[in-house]
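Below sits a lone chain in structure tokens, taken as the form predicted alone.
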Amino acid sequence: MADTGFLPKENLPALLEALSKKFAVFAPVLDGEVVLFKRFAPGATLCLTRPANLPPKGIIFPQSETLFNFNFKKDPEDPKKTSLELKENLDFVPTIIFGSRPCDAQGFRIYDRVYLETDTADPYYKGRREKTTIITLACNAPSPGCFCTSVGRGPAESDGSDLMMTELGKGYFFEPMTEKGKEIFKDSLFEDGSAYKEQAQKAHERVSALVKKPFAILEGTPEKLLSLFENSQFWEGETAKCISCGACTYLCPTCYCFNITDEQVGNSGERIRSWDACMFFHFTLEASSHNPRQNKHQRLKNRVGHKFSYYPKKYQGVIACCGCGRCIRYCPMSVDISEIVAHAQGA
């Protein structure tokens, strides 16, 4: 079996249909004017020409999920006694995320350190992560706002990908990064891709050179942000046009905050985990009504600080931002996190 593969563009639908027989395949599909990751079905309008508006993080870390169901049962012999039954669902189906960008795959690596590489791994995230194969598409041009090379990544960075594909003229060059990626090569639709490897590498270098670089250097940035922690004037200036809508956190491939609620009717109910966001006022609202982050500049300071200072301090310098640029492209007020970090470096 060849180490790399090549697939003519006209064979791509056949590949996805073949994979759909073994996996739940999620691919970027045109839905009106936006591109969203949806369960692939024959006839779907696949869109690989631009990044999806929303990252695929919800496939492994759902926006809302039932962790378990519970039921209180009274003892018929002694009504004062009540037992509790719990039923959790850890039966996850084999899944493929197809056509995500490398930055999206790197977002899952940010999650991995929090939910897997710890004393007590999250069983829900772990179950889906292990059952999911990620096939990424290297970028053939920078997208507005992206700055991946400034955070130590790139438009063809392989970290987090199981299999990477690169568009080359009439087809796609495929290169496996993990054993899960190699399993996909068992499909007979692939040709030997060894003759295309150098061409793919040149394409990666060309695109990487085009990505904007708002940071001169990241070394010292975590310390610089901490030195500005009490500088309200700086943060109020950077936050002036923010409306605290929180869209940036939902669009971000690396934001992983959540809330847990119990929904109960009678004696039965379910425990639900849902995305939450540090940009929301209620995120740090205490039962006493005190809020340590009452003002929006305090919340944005925390968001920027977490990605570029707190997380790197904890995880060997890894920046918790993949530079995808979604929070810049789709912010209704054009708040630019890369500019904020650049301003902090020069403050």
Partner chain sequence: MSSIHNPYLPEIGTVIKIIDETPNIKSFQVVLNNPEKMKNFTFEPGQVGQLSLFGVGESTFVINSPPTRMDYLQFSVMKAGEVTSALHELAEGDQIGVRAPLGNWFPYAQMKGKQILFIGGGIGLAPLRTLILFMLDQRADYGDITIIYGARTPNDLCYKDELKEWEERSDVNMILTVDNEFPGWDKRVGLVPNVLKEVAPSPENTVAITCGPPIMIKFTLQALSELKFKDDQIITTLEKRMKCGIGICGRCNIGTMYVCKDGPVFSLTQLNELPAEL
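The term rigid core refers to the most C-alpha atoms you can superpose between the two forms while keeping them within 1.5 Å. Nothing here was measured: the structure is a model prediction, and the numbers come from that model. Residue numbers count along the first chain shown, from 1.
The protein also exists as the form predicted in complex with its partner chain; that form is not presented, and the subsequent description refers to it.
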### Query
At 4.5 angstroms, heavy atoms only, are K21, L168 and K202 all close to its partner chain in the model of the complex?
no
### Query
Can any non-hydrogen atom of V207 be found within 4.5 angstroms of its partner chain in the model of the complex?
no
### Query
Can any non-hydrogen atom of K182 be found within 4.5 angstroms of its partner chain in the model of the complex?
no
### Query
So, in the model of the complex, is N259 in contact with its partner chain at a 4.5 angstroms heavy atom limit?
yes
### Query
Is E223 one of the residues lying within 4.5 Å of its partner chain in the model of the complex, judged by heavy atom distances?
no
### Summary
For its partner chain in the model of the complex, the stretch among 120-128, 183-191, 150-158, 98-106 with residues bearing a heavy atom within 4.5 Å is 120-128
### Query
What residues, if any, in 284-299 have a non-hydrogen atom within 4.5 angstroms of its partner chain in the model of the complex?
T284, L285, E286, A287, H290, P292, R293, Q298
### Query
After the core is matched up, is the C-alpha of N231 off by 2 Å or more between the shown form and the other one?
no
### Message
Using a rigid core superposition, assess whether T261 undergoes a CA shift of 2 Å or more between the shown form and the other one.
### Response
no
### Query
Aligning on the rigid core, do we see the C-alpha of T82 shift 2 angstroms or more between the shown form and the other one?
yes
